[in-house]
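What follows is a single chain, given as structure tokens, in the form predicted on its own.
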Amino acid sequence: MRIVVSIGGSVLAPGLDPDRVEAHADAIDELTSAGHEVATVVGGGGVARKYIETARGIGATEFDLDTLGIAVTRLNARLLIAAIESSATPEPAASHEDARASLRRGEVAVMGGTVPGHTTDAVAALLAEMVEADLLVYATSVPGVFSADPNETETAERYDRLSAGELVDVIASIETAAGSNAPVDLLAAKIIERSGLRAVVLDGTDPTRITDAVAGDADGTEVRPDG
């Protein structure tokens, strides 16, 4: 299988914990050892948010804030590359084309953000679309897609399965609620829908859930193409 794994920065390296980085690298190595082609997109997490908060306080533009966040995602990507034992790209891919080239060379492709305005959620969906991935895994800090933000609504219910169109509707409703956060953003959901991608959204704080999802035992929300 060709797999794209999106790992949130707060999932990969909370507090820059080396053990957590190594655990995610081990999961990727396990997938490659099983014969899968793997590409990984890494987010910025709490470190990026701290930089953005400081930059906003000194009057930086939204473009500048995005650029700062992208820089942090690439630092996190370098951490992951350093921990991966399989043959991996020597440095974070700067573009989707570079990541695809890494896959074609038989490497684990690793990248962070790309351009201002695109979150790493969208970057991962675009990469999965480009390389025609068999599975897109979002390793987040929540155990799937809920009917509402579970941090804001106690009665929020997790969906075990959604069509791609249903995912778009759910994410759109969450993003319009003030103060709420969706597990993936709306642009990513729309790319998943248009491309007919198969995806899983899960709690990636335990990296074994990623390998379990690839093996067909997903503990999260499965997203299936419409129809």
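Small disclaimer: the values here were computed from a predicted structure and weren't measured. So that there is no doubt, residue numbering starts at 1 and follows the sequence shown.
There is also a form predicted together with a small molecule; it is not shown, and the following applies to it.
Heavy atoms within 4.5 Å of the small molecule in the predicted complex are found in exactly one of 163-171, 40-48, 195-203, 27-35, that being 40-48. Taking the partner from elsewhere, Ile191 is found to have every heavy atom lying beyond 4.5 Å of the small molecule in the predicted complex. Although the partner is absent from this view, Val115 contacts the small molecule in the predicted complex, with a non-hydrogen atom inside 4.5 angstroms. Contact check for Asp66: a heavy atom falls within 4.5 Å of the small molecule in the predicted complex. The closest heavy atom approach of Val123 to the small molecule in the predicted complex falls within 4.5 Å.
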